[in-house]
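Before any questions on how it binds or moves, here is one chain, the form predicted on its own, in structure tokens.
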């Protein structure tokens, strides 16, 4: 299928969204809530583009991460309507996280120097993109969720307590685009969401590995053999190299 974006014809697959087709063809569309491993929800509204259909020439704003490609549509990623929409979105996001470097850089790239809204005294770097909660749900843990309403809405464990369901995998912290979720790794433990996890050690060199709770969860829920989780990557490579060396493979 041929898709036209900003006057350029690109090849798109029938299952593509505008965002995935654009990314594969080197066309940049900003987004803060998209990840290839998760379903699209259009939470951040930053990937808005303008679509023109050939049937009636109508132009409308859509989220590129959710809008499926179709024959005979034309996409505009930097039209005036798109520019205004992104500026409004970034203005609102900056009110939630006024000092976040990623947001400040994106805002300046799109002509927004600072938020025009008042910021809360306890403003933090959470922009409610829901990547963390979606990743946690995908893992099957559901240890965190959105709580509260309006400006007070935040991502927290249930009842604002230490989450029993958390296994310390760190997926939420790794996927967070603004660095809001704090995870502290020490040689003997990992701390996240106020919960401490003992870290397993490599059985060969003693290097710290993933938390014991996460290892037990992974052994029970993933298809990799149990011994996969007993060594660090460096020791795995050395052991594999030794096996190949013994076979005379170089």
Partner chain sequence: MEKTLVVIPSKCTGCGTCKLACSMVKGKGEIIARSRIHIHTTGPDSHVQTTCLQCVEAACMKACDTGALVRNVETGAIEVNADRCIGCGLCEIACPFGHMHFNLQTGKSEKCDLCGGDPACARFCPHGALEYK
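Positions refer to the first chain, counted from 1. Between two forms, the rigid core is defined as the largest C-alpha subset superposing within 1.5 Å. As the structure is a computational prediction, the values presented were derived from the model and not from experiment.
Below, we refer to the form predicted in complex with the partner chain, which is not included among the displayed structures.
For the options 98, 157, 170, 177, the residue carrying a heavy atom within 4.5 angstroms of the partner chain in the model of the complex is 170.
Among heavy atoms of residue 70, none comes within 4.5 Å of the partner chain in the model of the complex.
Using a 4.5 Å cutoff between non-hydrogen atoms, residue 231 counts as a contact of the partner chain in the model of the complex.
The closest heavy atom approach of residue 35 to the partner chain in the model of the complex falls within 4.5 Å. At least one heavy atom of residue 209 is located within 4.5 Å of the partner chain in the model of the complex. Of the stretches 158-166, 134-142, 107-115, 73-81, only 134-142 has residues with a heavy atom within 4.5 Å of the partner chain in the model of the complex. Of the residues in 206-236, those that come within 4.5 Å of the partner chain in the model of the complex through at least one heavy atom are, in sequence order, 209, 210, 214, 217, 218, 222, 223, 224, 228, 229, 231, 233, 236. Once both forms are fitted on their core, a CA shift of 2 Å or more is seen for residue 231 between the shown form and the other one.
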